[in-house]
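One chain comes next, on its own, written as structure tokens: the form predicted alone.
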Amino acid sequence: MTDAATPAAAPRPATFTTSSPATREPIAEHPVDGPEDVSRAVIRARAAQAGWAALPAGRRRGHLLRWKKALAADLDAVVRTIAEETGKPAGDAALEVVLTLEHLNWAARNAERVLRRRKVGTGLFTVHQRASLVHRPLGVVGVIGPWNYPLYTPMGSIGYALAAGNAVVFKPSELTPGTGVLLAELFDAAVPGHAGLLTTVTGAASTGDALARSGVDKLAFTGSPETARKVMAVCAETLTPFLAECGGKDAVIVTADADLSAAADAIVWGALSNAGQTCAGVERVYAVREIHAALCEQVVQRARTLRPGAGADAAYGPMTLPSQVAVVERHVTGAISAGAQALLGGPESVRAPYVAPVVLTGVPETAAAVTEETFGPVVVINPVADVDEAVERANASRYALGAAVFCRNGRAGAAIAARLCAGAVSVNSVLGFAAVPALPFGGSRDSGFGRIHGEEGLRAFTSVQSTTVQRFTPPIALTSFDVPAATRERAVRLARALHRRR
């Protein structure tokens, strides 16, 4: 019996446990951050952001480069955490860290140049004004990250937002919270004196909902279109700006004169790396009919040698999200039932948590394997009559994120790329755009909107302020009630005469 005078013990904070996708064994326990926890993080971030934004751009650059060095120094620990939480091989995790370092380096070194105040020209009737614009930080940016690339993808928002002078509150996926926690810990160690500038909050959908309602000045989201719609609806209640990257159904076009060996090698890597769990991964291939059979043969030959697993010899790991296995099985089974031919693998390839490579051809364009994001190690290679048909089919998707073109002539390939609706296109490679920090990344349609990376990625986390300074009294002042009617009439006659000639 409890003594009435003894105060009751405080309730234990709610927690959740992460587990290995390969073995389902527990990895770590993390707190479930609720609305009050998220609100406190945002308040701390706002206080920290004022001092961060007030720093000279060179000081911010120096801090971010020290963070980059800390990530590089602890690369093994970061790789180990990513691999443990996602199940991907260490080599894949290391590539993710390397790409992250490249992007952080670019954002830190280019923010001042991209965002500094710049002069703009004025028109004839405003020649007495000196005009300029400057990009100013928004304040606090919320970032909701995915599990498939738990470092590289959210850092496309986090690194660029910090470089632009913002603070960040980061909510990683509930499948990969340890990566987000480690990221913030390395930041605090590398950038002392700015506590709260980057904070990681952990939890599932309720934590993300709390972040969307917390009063952040912008929310950057990566996830499914369905979840994006829900989060965007919450942001709409307070007119919180929203940036969304929602996956893709990326197509590859292979022309008759393409290097088939290079195309096959790139297709296999783009479709199967990370177990196909890549938003801009290869899911559809349209090959002109005369080379279709030869391309399929080479793709199958390469894919047949790849094995999923947890060992060092595995080409790729398990499906990180258990429920995605059922999606893959449904797409493969549905395609074959609709008349598709399995050139490699089939429904028997699905042995959770692993899926062996699957190569399909003759898949109807209405099948889920063509219209929906599979997000697994499955690639559809369909024949087309010509490039025009390939472009038409590639553009018919409700997704428009990335694409690739394989064509012997690079200029011809670029001309085909210009006809595609995708936000980013690689010619004679796959995902080449993702490795170039100066290039923006993002899509349209169900792939979302807004851009990360590059100059556009820096500007995405700023607001623009326009300024005019009057240098002298104008000869024809039009912004006054005291302007004589005759003066206005002269201005109208002058404008009419000038613009009729131009």
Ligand code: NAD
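Predicted, not measured: the structure shown is a model, and the values here were computed from it. Start at 1 and count along the sequence shown; that's the residue number.
Missing here is the form predicted in complex with this ligand; even so, the following discussion is about that form.
The three marked residues, 147, 208 and 247, each reach this ligand in the model of the complex, with a heavy atom inside 4.5 Å. Proximity to this ligand in the model of the complex, taken as heavy atoms within 4.5 Å, picks out 228-236 from the listed stretches 122-130, 228-236, 424-432, 387-395.
For residue 441, a non-hydrogen atom is located within 4.5 Å of this ligand in the model of the complex, even though that partner is not displayed. When contacts are judged by a 4.5 Å heavy atom cut-off, residue 204 counts as touching this ligand in the model of the complex. In the model of the complex, at least one heavy atom of residue 373 sits within 4.5 Å of this ligand. This ligand is not drawn, but in the model of the complex it has a heavy atom within 4.5 Å of residue 221. Scanning 199, 166, 179, 153 against this ligand in the model of the complex with a 4.5 Å heavy atom cut-off leaves one residue, 153. Here is the short version: of 365, 174, 290, 297, the single residue with a heavy atom within 4.5 Å of this ligand in the model of the complex is 174.
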